[in-house]
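First comes one chain, alone, set out as C-alpha coordinates in the form predicted alone.
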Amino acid sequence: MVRSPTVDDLAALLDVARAAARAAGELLITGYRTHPAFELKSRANLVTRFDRESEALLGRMLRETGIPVFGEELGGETGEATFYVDPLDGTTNFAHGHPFFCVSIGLVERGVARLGVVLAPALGVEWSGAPSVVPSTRNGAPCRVSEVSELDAAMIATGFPSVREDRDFEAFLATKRVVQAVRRCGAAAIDMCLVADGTYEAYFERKLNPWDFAGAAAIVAGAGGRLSSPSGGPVDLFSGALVASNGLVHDALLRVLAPTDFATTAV
(Lines give C-alpha, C1' and ligand atoms only; values in the text may rest on other atoms or scores of the structure.)
Protein backbone atom coordinates (compact mmCIF):
# COMPACT_ATOMS: atom_id res chain seq x y z
CA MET A 1 0.00 0.00 0.00
CA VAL A 2 1.29 3.47 -0.85
CA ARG A 3 2.11 5.46 2.27
CA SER A 4 -0.02 8.43 3.23
CA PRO A 5 1.34 11.86 2.28
CA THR A 6 2.66 13.88 5.20
CA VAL A 7 1.96 17.54 5.84
CA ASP A 8 5.38 18.36 4.45
CA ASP A 9 4.57 16.39 1.32
CA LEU A 10 1.36 18.26 0.60
CA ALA A 11 2.96 21.53 -0.51
CA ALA A 12 5.24 19.65 -2.92
CA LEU A 13 2.37 17.49 -4.15
CA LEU A 14 0.30 20.61 -4.75
CA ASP A 15 3.09 21.97 -6.96
CA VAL A 16 3.06 18.74 -8.97
CA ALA A 17 -0.72 18.89 -9.30
CA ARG A 18 -0.59 22.51 -10.47
CA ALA A 19 2.00 21.63 -13.10
CA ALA A 20 -0.08 18.69 -14.31
CA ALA A 21 -3.26 20.78 -14.47
CA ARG A 22 -1.50 23.50 -16.45
CA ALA A 23 -0.10 21.01 -18.94
CA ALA A 24 -3.55 19.46 -19.40
CA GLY A 25 -5.10 22.92 -19.71
CA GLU A 26 -2.69 23.78 -22.52
CA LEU A 27 -3.72 20.60 -24.30
CA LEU A 28 -7.44 21.33 -23.89
CA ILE A 29 -7.18 24.88 -25.14
CA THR A 30 -5.93 23.57 -28.49
CA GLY A 31 -9.33 21.96 -28.96
CA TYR A 32 -11.43 24.81 -27.61
CA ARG A 33 -13.83 26.34 -30.16
CA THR A 34 -12.91 23.68 -32.73
CA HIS A 35 -16.19 21.79 -32.11
CA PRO A 36 -14.41 18.44 -31.81
CA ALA A 37 -16.09 15.16 -32.62
CA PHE A 38 -17.60 13.45 -29.62
CA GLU A 39 -19.05 10.12 -28.56
CA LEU A 40 -22.11 9.65 -26.38
CA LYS A 41 -21.66 7.61 -23.22
CA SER A 42 -25.37 8.29 -22.70
CA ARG A 43 -27.85 10.78 -24.20
CA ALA A 44 -26.35 13.81 -22.46
CA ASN A 45 -22.96 12.44 -21.40
CA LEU A 46 -20.26 13.27 -23.94
CA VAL A 47 -16.62 12.29 -24.33
CA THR A 48 -14.00 13.60 -26.78
CA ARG A 49 -10.45 12.63 -27.61
CA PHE A 50 -9.37 15.62 -25.53
CA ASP A 51 -10.86 14.01 -22.41
CA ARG A 52 -8.79 10.90 -22.95
CA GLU A 53 -5.59 12.68 -23.98
CA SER A 54 -5.84 15.04 -21.01
CA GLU A 55 -6.35 12.13 -18.62
CA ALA A 56 -3.39 10.22 -20.06
CA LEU A 57 -1.19 13.29 -19.57
CA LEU A 58 -2.40 13.83 -16.00
CA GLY A 59 -1.82 10.17 -15.19
CA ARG A 60 1.77 10.24 -16.45
CA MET A 61 2.67 13.35 -14.45
CA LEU A 62 0.86 12.50 -11.22
CA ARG A 63 2.01 8.87 -11.02
CA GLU A 64 5.59 10.14 -10.77
CA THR A 65 4.71 10.98 -7.14
CA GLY A 66 4.16 7.29 -6.40
CA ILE A 67 0.49 7.92 -5.54
CA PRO A 68 -2.21 6.04 -7.50
CA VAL A 69 -4.34 7.98 -9.98
CA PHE A 70 -7.96 7.30 -10.85
CA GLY A 71 -9.73 9.19 -13.62
CA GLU A 72 -13.13 9.48 -15.22
CA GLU A 73 -12.30 8.03 -18.62
CA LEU A 74 -9.41 5.62 -18.15
CA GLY A 75 -9.97 4.44 -14.60
CA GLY A 76 -6.79 3.51 -12.76
CA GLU A 77 -5.83 2.37 -9.29
CA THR A 78 -6.74 3.51 -5.80
CA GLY A 79 -4.95 3.35 -2.48
CA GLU A 80 -4.98 4.83 1.00
CA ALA A 81 -4.22 8.12 -0.77
CA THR A 82 -5.39 8.58 -4.38
CA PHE A 83 -5.39 11.36 -6.95
CA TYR A 84 -8.89 11.61 -8.45
CA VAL A 85 -8.84 13.48 -11.75
CA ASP A 86 -11.45 14.85 -14.08
CA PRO A 87 -9.49 15.59 -17.25
CA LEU A 88 -12.29 17.69 -18.73
CA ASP A 89 -15.13 18.67 -16.43
CA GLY A 90 -17.80 20.26 -18.59
CA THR A 91 -17.26 18.23 -21.74
CA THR A 92 -20.63 19.27 -23.18
CA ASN A 93 -19.65 22.92 -22.75
CA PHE A 94 -16.26 22.25 -24.33
CA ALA A 95 -17.79 20.44 -27.31
CA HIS A 96 -20.11 23.39 -27.98
CA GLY A 97 -17.44 26.06 -27.55
CA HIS A 98 -18.69 27.26 -24.15
CA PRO A 99 -15.86 28.48 -21.86
CA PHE A 100 -17.05 26.79 -18.62
CA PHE A 101 -14.86 23.68 -18.59
CA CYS A 102 -11.86 22.74 -16.50
CA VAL A 103 -9.24 20.27 -15.36
CA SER A 104 -9.81 19.03 -11.81
CA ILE A 105 -7.32 17.21 -9.57
CA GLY A 106 -8.01 16.15 -6.00
CA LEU A 107 -5.88 14.15 -3.59
CA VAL A 108 -8.09 12.07 -1.30
CA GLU A 109 -6.75 10.27 1.76
CA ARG A 110 -9.06 7.95 3.69
CA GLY A 111 -12.09 9.78 2.31
CA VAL A 112 -10.79 13.27 3.09
CA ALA A 113 -9.90 15.78 0.34
CA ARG A 114 -6.34 16.83 1.19
CA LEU A 115 -5.51 19.12 -1.75
CA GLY A 116 -7.06 20.34 -4.96
CA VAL A 117 -6.31 22.15 -8.21
CA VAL A 118 -9.00 23.29 -10.62
CA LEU A 119 -7.90 25.03 -13.81
CA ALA A 120 -10.37 26.63 -16.23
CA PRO A 121 -8.16 27.44 -19.23
CA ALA A 122 -10.69 29.32 -21.36
CA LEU A 123 -11.58 31.50 -18.37
CA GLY A 124 -7.95 32.01 -17.42
CA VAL A 125 -8.58 31.02 -13.80
CA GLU A 126 -6.76 28.56 -11.55
CA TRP A 127 -7.91 27.68 -8.04
CA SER A 128 -5.84 25.58 -5.68
CA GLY A 129 -5.29 24.79 -2.02
CA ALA A 130 -4.59 22.25 0.67
CA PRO A 131 -6.61 22.89 3.85
CA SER A 132 -4.52 23.69 6.95
CA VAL A 133 -1.30 23.63 4.90
CA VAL A 134 -1.63 25.92 1.88
CA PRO A 135 -4.45 28.53 1.81
CA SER A 136 -6.88 28.39 -1.09
CA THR A 137 -6.03 30.76 -3.90
CA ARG A 138 -7.50 32.09 -7.12
CA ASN A 139 -4.79 32.89 -9.67
CA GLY A 140 -2.27 32.94 -6.85
CA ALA A 141 -4.15 35.41 -4.64
CA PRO A 142 -5.80 34.22 -1.40
CA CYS A 143 -9.53 33.63 -1.74
CA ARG A 144 -12.27 33.33 0.85
CA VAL A 145 -15.95 32.49 0.87
CA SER A 146 -18.44 35.36 0.89
CA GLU A 147 -19.94 37.03 3.96
CA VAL A 148 -23.54 37.02 2.69
CA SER A 149 -25.71 35.55 5.43
CA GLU A 150 -29.25 35.66 4.04
CA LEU A 151 -30.62 33.43 1.30
CA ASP A 152 -32.63 36.22 -0.26
CA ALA A 153 -29.34 37.99 -1.00
CA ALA A 154 -27.53 34.85 -2.15
CA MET A 155 -26.54 33.66 -5.60
CA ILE A 156 -26.24 29.89 -5.61
CA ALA A 157 -25.42 27.24 -8.17
CA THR A 158 -26.61 23.75 -8.94
CA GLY A 159 -26.25 21.13 -11.60
CA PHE A 160 -28.28 18.32 -13.12
CA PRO A 161 -27.05 14.77 -13.76
CA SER A 162 -26.98 13.55 -17.35
CA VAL A 163 -30.08 11.45 -16.58
CA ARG A 164 -32.48 14.01 -15.12
CA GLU A 165 -35.39 13.27 -12.85
CA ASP A 166 -38.22 15.32 -11.40
CA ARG A 167 -36.36 15.64 -8.10
CA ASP A 168 -33.63 17.70 -9.83
CA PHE A 169 -36.14 20.28 -11.01
CA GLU A 170 -38.00 20.17 -7.69
CA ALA A 171 -34.87 21.19 -5.79
CA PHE A 172 -34.05 23.85 -8.39
CA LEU A 173 -37.51 25.42 -8.11
CA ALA A 174 -37.50 25.28 -4.32
CA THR A 175 -34.27 27.26 -4.15
CA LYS A 176 -35.18 29.58 -7.03
CA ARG A 177 -38.18 30.79 -5.03
CA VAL A 178 -36.11 31.99 -2.06
CA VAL A 179 -32.66 33.08 -3.28
CA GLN A 180 -31.59 36.09 -5.28
CA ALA A 181 -30.35 34.01 -8.21
CA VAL A 182 -29.57 30.44 -9.26
CA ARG A 183 -26.95 29.58 -11.85
CA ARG A 184 -26.45 26.29 -13.65
CA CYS A 185 -23.21 26.38 -15.67
CA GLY A 186 -22.46 22.70 -16.23
CA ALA A 187 -19.09 22.16 -14.52
CA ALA A 188 -19.29 21.02 -10.90
CA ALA A 189 -15.66 21.77 -10.05
CA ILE A 190 -15.92 25.37 -11.30
CA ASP A 191 -19.22 25.91 -9.47
CA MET A 192 -17.67 24.77 -6.20
CA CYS A 193 -14.59 26.94 -6.69
CA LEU A 194 -16.88 29.92 -7.26
CA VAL A 195 -18.21 29.23 -3.77
CA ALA A 196 -14.62 29.17 -2.49
CA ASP A 197 -13.78 32.56 -3.99
CA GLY A 198 -16.97 34.28 -2.85
CA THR A 199 -18.77 34.48 -6.20
CA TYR A 200 -21.53 32.10 -5.13
CA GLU A 201 -22.84 31.63 -1.63
CA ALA A 202 -23.67 27.95 -2.12
CA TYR A 203 -23.86 25.01 -4.50
CA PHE A 204 -25.63 21.64 -4.44
CA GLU A 205 -25.81 18.66 -6.75
CA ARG A 206 -26.30 14.89 -6.77
CA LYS A 207 -25.03 11.94 -8.84
CA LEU A 208 -21.49 13.27 -8.75
CA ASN A 209 -18.36 11.14 -8.79
CA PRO A 210 -15.27 11.71 -6.61
CA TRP A 211 -13.31 13.03 -9.60
CA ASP A 212 -16.03 15.66 -10.14
CA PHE A 213 -15.54 17.40 -6.84
CA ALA A 214 -12.65 16.04 -4.78
CA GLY A 215 -10.30 18.83 -5.84
CA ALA A 216 -12.88 21.57 -5.39
CA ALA A 217 -13.90 20.16 -1.99
CA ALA A 218 -10.37 20.79 -0.71
CA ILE A 219 -10.42 24.30 -2.14
CA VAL A 220 -13.77 25.14 -0.54
CA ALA A 221 -12.59 23.84 2.82
CA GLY A 222 -9.36 25.81 2.55
CA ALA A 223 -11.31 28.99 1.80
CA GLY A 224 -13.38 28.74 4.97
CA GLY A 225 -16.43 27.10 3.43
CA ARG A 226 -18.63 24.31 4.68
CA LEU A 227 -19.38 20.97 3.03
CA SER A 228 -22.09 18.53 4.04
CA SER A 229 -24.36 15.79 2.84
CA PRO A 230 -27.84 16.93 1.71
CA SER A 231 -29.14 15.92 5.15
CA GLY A 232 -26.53 18.04 6.91
CA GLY A 233 -24.21 15.24 7.98
CA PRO A 234 -20.53 14.90 7.09
CA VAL A 235 -19.79 15.09 3.39
CA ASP A 236 -18.97 11.75 1.76
CA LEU A 237 -16.90 12.10 -1.41
CA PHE A 238 -18.20 8.73 -2.59
CA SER A 239 -21.91 9.26 -1.90
CA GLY A 240 -22.58 11.28 -5.05
CA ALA A 241 -24.32 14.25 -3.42
CA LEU A 242 -23.28 17.32 -1.46
CA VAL A 243 -24.02 20.87 -0.42
CA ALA A 244 -21.16 23.40 -0.33
CA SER A 245 -21.51 26.93 1.01
CA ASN A 246 -19.94 29.89 2.73
CA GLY A 247 -21.26 28.39 5.98
CA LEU A 248 -23.52 31.35 6.70
CA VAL A 249 -26.40 30.27 4.46
CA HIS A 250 -25.81 26.54 4.81
CA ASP A 251 -28.44 25.61 7.38
CA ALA A 252 -31.08 27.79 5.73
CA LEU A 253 -30.39 26.12 2.37
CA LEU A 254 -30.63 22.68 3.94
CA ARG A 255 -34.05 23.63 5.33
CA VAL A 256 -35.20 24.66 1.84
CA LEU A 257 -33.95 21.39 0.37
CA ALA A 258 -35.31 19.20 3.18
CA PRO A 259 -38.87 18.82 1.82
CA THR A 260 -37.58 17.85 -1.64
CA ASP A 261 -36.49 14.45 -2.88
CA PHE A 262 -32.99 15.86 -3.32
CA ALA A 263 -32.47 15.62 0.42
CA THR A 264 -34.25 12.34 1.06
CA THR A 265 -33.08 10.34 -1.97
CA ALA A 266 -30.17 12.41 -3.19
CA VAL A 267 -28.15 9.74 -4.94
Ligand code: IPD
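Computed from a predicted model, the values in this text were never measured in an experiment. Residues carry their position along the shown sequence, with the first being 1.
The form predicted in complex with the ligand is left out here; the points below concern that form.
Only one segment in the set 137-145, 180-188, 105-113, 118-126 has any non-hydrogen atom within 4.5 angstroms of the ligand in the predicted bound form, and it is 180-188. A heavy atom within 4.5 Å of the ligand in the predicted bound form is found for exactly one of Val235, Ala221, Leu57, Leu208: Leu208. This chain is displayed alone, yet in the predicted bound form one of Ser239, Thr199, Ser231, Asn45 has a heavy atom within 4.5 Å of the ligand; that residue is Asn45. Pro131 falls outside the set of residues with a heavy atom inside 4.5 Å of the ligand in the predicted bound form.
At the 4.5 Å threshold, heavy atoms of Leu88 reach the ligand in the predicted bound form. Interface membership of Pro161, defined by any non-hydrogen atom within 4.5 Å of the ligand in the predicted bound form, is confirmed. Although the ligand is not shown here, in the predicted bound form the stretch 58-81 places heavy atoms of just one residue, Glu72, within 4.5 Å of it.
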